[in-house]
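Provided below as structure tokens are two forms of one protein chain, presented individually as structure 1 and structure 2.
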Structure 1
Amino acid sequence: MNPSPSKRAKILVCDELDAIALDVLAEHGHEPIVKTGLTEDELVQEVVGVDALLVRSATKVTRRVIEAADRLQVIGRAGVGVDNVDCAAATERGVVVMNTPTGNSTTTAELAISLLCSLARHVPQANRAVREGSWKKKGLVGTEITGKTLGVVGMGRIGRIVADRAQGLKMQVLGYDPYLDPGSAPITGVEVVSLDDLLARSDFVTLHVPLNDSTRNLLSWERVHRMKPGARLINASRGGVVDEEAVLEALEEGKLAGAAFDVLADEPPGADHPLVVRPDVIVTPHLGASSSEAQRKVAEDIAHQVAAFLESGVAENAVNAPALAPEVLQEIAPFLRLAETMGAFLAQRISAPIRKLELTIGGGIAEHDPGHFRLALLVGMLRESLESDVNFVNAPGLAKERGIRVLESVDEDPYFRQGQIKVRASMRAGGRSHVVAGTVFGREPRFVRIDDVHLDLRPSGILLVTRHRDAPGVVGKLGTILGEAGVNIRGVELGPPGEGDDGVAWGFLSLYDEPSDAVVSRIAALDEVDEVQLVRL
């Protein structure tokens, strides 16, 4: 991207933003046009001739919209999540997508603390009772939070603010983050432990993680039922990271004393939603970012970021790719996606924290700055467990905080002349390293090697990885179990036993649908199967 600083850019503001955003854009000499509530068809018409789009969460910037935009350079999201923007389509067209990851942090953290206090003292129930004419304390006896233990799941920016505020309330704080070793502390006074340990010891548990394939139902039925008896749960992160049916069951059984949800898997919920109608549950309408300060801050931030990009090409908080000339971005976009997918695969494949990544690039793409592929690799890996504000700008800092080193090299004699990428990931102490290598066929990323297995695997969707006895009929048994569960297999790649593998082979089954925990357990119970894992790509 090489925006001209003298050009008066046309910027379409598609959602309601604080007026300060328009003031900032006008101060920079740009032309903000406000048109809210547009349908996709209307937006397809309006986006022609537009240099930048500014949105919040209501407007859906689809592939069709992006392909209709003949001058679009940047999409600015006033907020953190970019689920409403087709980032892959934007990357392919050389359009930078940026968000404002810091503007909502304090507001969201303070809401979590508010919900915690309200749960402890039955504030919503008491208010409702008084409004209904009752002045009785029966059934409203609460608990002090001083001296209680708070478990913070996800120690990113918001989680750390929550932990800091909780310590100010004289709470003991436990933290869990898959990229933090037990015993390490991101802030003074927080004890970093495993997730199971946190759940077993905490009087209150608050979640601050993104919603992605690795965090969906992070608090599963098994984990909800491992929580300390009488504990209270707060979810102000994303709907879907908690098995809501499991929480409902735990409340009905008296396992949990209460729960508070600012987000639900399906929003808005129906009036008869089983959690909404329970007196021991607090439900708020996704208020995480709803403060006047936060709304003003994200509007101001995104206006400054978009103006800076249009004038100088500086892409602050870019979530899809570094600022590159459109023709370069289009050329390397499939390899950026490949590197990002490799990061996601390795993050899920390796249970312990990754401490070293060895990135080797070869072929035509080696002519470009390897830093682009390094950033994509880190973004894919870190997004598997951190809050959703991981992007191409902050990924290096987040990796450094977690002690992750990246070593880069060039393969001078590549097998795939158009380009190839290989990544070796290692843990700090002991354990084997894992390798994944890939290339691009057409514009479609492919894995061509996983550890010692050479294959041709399209890395998308659900991947079932098995380590099983190399004997006739084993794959048939896997297919039978999946077939009985209605899960169709898209492709199968098998790796024969290597030296020292004692007749144990690898299986990589691409699936159309995700099998249930029960189905995976049935596969794991087969005598011939030593290991089974679901990887979501």
Structure 2
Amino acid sequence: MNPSPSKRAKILVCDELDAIALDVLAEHGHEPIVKTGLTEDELVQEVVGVDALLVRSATKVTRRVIEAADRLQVIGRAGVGVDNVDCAAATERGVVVMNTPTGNSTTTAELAISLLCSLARHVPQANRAVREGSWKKKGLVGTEITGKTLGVVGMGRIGRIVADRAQGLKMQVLGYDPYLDPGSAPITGVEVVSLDDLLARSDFVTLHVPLNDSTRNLLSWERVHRMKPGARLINASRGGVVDEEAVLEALEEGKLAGAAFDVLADEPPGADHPLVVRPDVIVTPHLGASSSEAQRKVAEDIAHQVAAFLESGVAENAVNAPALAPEVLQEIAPFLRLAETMGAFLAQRISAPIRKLELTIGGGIAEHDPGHFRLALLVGMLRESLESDVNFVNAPGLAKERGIRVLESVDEDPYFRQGQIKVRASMRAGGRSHVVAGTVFGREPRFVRIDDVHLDLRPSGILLVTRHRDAPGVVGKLGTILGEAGVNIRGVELGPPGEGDDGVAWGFLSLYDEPSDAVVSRIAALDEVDEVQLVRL
């Protein structure tokens, strides 16, 4: 569809994008302006009168830039991560930020498969030997992959493509993902199993999980040592999800036959990194998304999405907010943030996968479509276990895939007239449920209830949650340990023991800084403390 010249939007492309982006925009009747390498000051000038901004990762779209933009409707990021865009500032101004989450999945999956084949047949090592003048097979005898078992940890976008390709190579595929029940089969031919089972049975294990609190060190020392003897490991997801020292040890002891890393905890590694120098290890420089097709695909996708948004208002892959009129967004934005934070809180508080969410909305905000708050809640919750590209468009589909149901209702007699949100989250049928409720004071979200504890908590930053004996001096002991570690407490909310709680109380301590693992362990070791958890909001 070609908009008439009068409806033509001013589009500024600030980073080097594949030329297809300009072709797509031209097909839609636009004449984008390309200006790359602008400083922040220059961009502040250039952005005046611009309707759409297209970037990759080099341009920083700061709050200053967004505030200088008098007509900006949309910022399009060709790629996944939006760390270079101040999404909060964009939301406040009613500017939609969108990305292209799927553009590089195939390319990354193909790298994992390349690493698998290279590991099986020592391709890089053989090539190196030939260059060094050796034409010998000794030490380069490989293993067939036909009929071998591949364990895919993380069955998201990339993991599923890897599973599919591996079946084409005639491998048996096992899959593990906390959102899939062992025994269920969402992908033809993949046997869904527990992580321990997968590690014990797989000849090759490939990781495709995001890096977050639940996946940091997912392949811990114990798990690496539980892998099938002679297995090979591939990590093309994120450094930090594997205990690299444990892999090194397992290779040295001959428990593992090889490993391939496209990502490492510290990138770039030094040339003398103990994994890099090993002959049974392959390391590539975070090449996962680097193919001309992927670059072309993300440029093409973002151009189509931005053009469609300018023409019809449909915001595909919006990361910051549902498509709403700026004045409505302005009014409900703090409640959207509240709902998103509640999702993030519940996902961290409850370790098992959440299956059911009961969302109750009351007060002034109940006049708006509850769907907006449902989306914000799901986005906050899913971002804890998926990559950061969970957005207001794909969240319902991702939730459905994971068997999460959301029931909505309206509280006809709300305590907070301006608006309040309550969410009850449950795990499996019959499992325990957790509740969080909140409101907005001024424009600032607050939690007013967590389970049976009524409180007034600013849900941002680091929250230390304790379950402890309700005895004199316990809070003082917590404060002393934190104080000795130089961690400043911003606020303390205490939950008195409820009926039947047998003298057990809850503590919610907002902290300015994140305490180290050693500090958390010291707190956990206190006689009076039963449970301690850090929640990042």
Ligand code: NAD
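Because the structure is a prediction, the values reported are computed rather than measured. Definition used throughout: the rigid core is the maximal C-alpha set that superposes within 1.5 Å between two forms. Numbers follow structure 1, counted from its first residue as 1.
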Legend entry - Between structure 1 and structure 2, the form predicted alone: 1
Inset, instruction - Could you tell me which of 293, 484, 400, 367 sits at the hinge, given that one rigid part rotates relative to another between structure 1 and structure 2? - result: 293
Legend entry - Turn of the lesser rigid segment against the greater one between structure 1 and structure 2, rounded to whole degrees: 15
Inset, instruction - Could the core-superposed CA displacement of residue 162 between structure 1 and structure 2 be given in angstrom, to one decimal? - result: 2.9
Inset, instruction - After aligning on the rigid core, report the distance the C-alpha of residue 284 travels between structure 1 and structure 2, in angstrom. - result: 4.5
